[in-house]
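Just one chain is shown here, as structure tokens, and it is the form predicted alone.
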Amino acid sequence: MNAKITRLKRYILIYGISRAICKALGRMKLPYVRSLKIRRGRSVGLIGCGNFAFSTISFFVSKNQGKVFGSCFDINSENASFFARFYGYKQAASLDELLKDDLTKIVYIASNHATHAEYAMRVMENKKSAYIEKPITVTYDELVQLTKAKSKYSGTLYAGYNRPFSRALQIIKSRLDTTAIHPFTVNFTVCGHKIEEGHWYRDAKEGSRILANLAHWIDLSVHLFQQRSKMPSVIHIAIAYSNPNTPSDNISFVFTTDLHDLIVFTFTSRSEPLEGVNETILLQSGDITAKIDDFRELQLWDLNTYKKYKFRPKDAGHESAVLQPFRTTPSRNWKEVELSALLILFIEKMVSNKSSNASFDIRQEVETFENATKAERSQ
């Protein structure tokens, strides 16, 4: 009990009172507790009623838009019923009922990883937009099929990779010199959750922790590359495994590029972090040196200037990412997300084969992918 109280106190300091309590309520699932937000419509549906959907997706939608919830669906009907009661969803529905609801315009997908692409395609087939929590797909073939569906149907696709939306990244990007091609040196050090044997993350069909976790920082690297006027042609990848029996846990890998970038990733999960995922990012490019401490603090040096920013509550970009469908300004370019997905899947395959070295030829990989999607469309 003391450990739980300590954790709650720390969460209040990090996330603020309302979200910390929401995280706790999501785990306890008390049936008599309700959200007090005012009802405003029925435009949002939800597939997958787990902790992330409760304390992040539904929390931020409710906080900013009020009760705009239509139907929610989960293979565990008790989870769906709890969501419907707490957040004021119109109903805990079947999947078909959710998809046929004409008032629902945007569907958030936060189910198990292996179902993301399938659900997104069904959502678009029913003329709705889909917000896909990471990863957007777990296989290359799924990415091809998803791209085909995106070109066929009218609904918009949104991706749940949130780090590019953080205030720290927005500040850094505003200070980068995009008129020149300065190499990036970036070091990501991440303490992730300890995942026990038997957890659904360990199911082979769900993909490894490359897809489940490290995808965030691989995606962020692609986003940083896109800030320049020129992308690398080739990303050389070197991977070091601490334990070949669990190759995607406690792993380190390095990107080097033909533009002289150096990106280093270290992911450790040997014990459960008290405050959730903890990350440190050190970045240099041109005259900029920046250090992000768990998205709670940013230190930024620019030649002879220095400034420190504090973010309370912690801002890893979740709120802004979740609200993409409600913004009038454009969200991320989907081609950037596709490139990110291709690189993530490439590394996933390397880890699956326990490969230590490979090169990702961006032009070749994109061309092959585009040919695959064209072939699919012509069938």
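Don't overthink the numbering: it's just position in the shown sequence, from 1. Given the structure is predicted, the values throughout are model-derived calculations rather than measurements.
One more form of this protein, predicted in complex with a small molecule, exists but is not displayed; see below.
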Answer range among 347-355, 46-54, 64-72, 334-342 for contact with the small molecule, defined in the predicted bound form as heavy atoms within 4.5 Å: 46-54
Look up in the predicted bound form whether Asn76 has a non-hydrogen atom within 4.5 angstroms of the small molecule, and give yes or no. yes
Verify the contact flag for Thr256: yes if a non-hydrogen atom of it lies within 4.5 Å of a non-hydrogen atom of the small molecule in the predicted bound form, no if not. no
Does any part of Ser111 reach within 4.5 Å of the small molecule in the predicted bound form? Heavy atoms only, please. yes
Can you tell me whether Tyr119 touches the small molecule? I mean in the predicted bound form, with a 4.5 angstroms heavy atom cut-off. yes
So which of Gly192, Gly88, Gly160, Pro164 reaches within 4.5 angstroms of the small molecule in the predicted bound form, heavy atom to heavy atom? Gly160
Among Lys105, Arg228, Arg209, His216, which has at least one heavy atom within 4.5 Å of the small molecule in the predicted bound form? His216
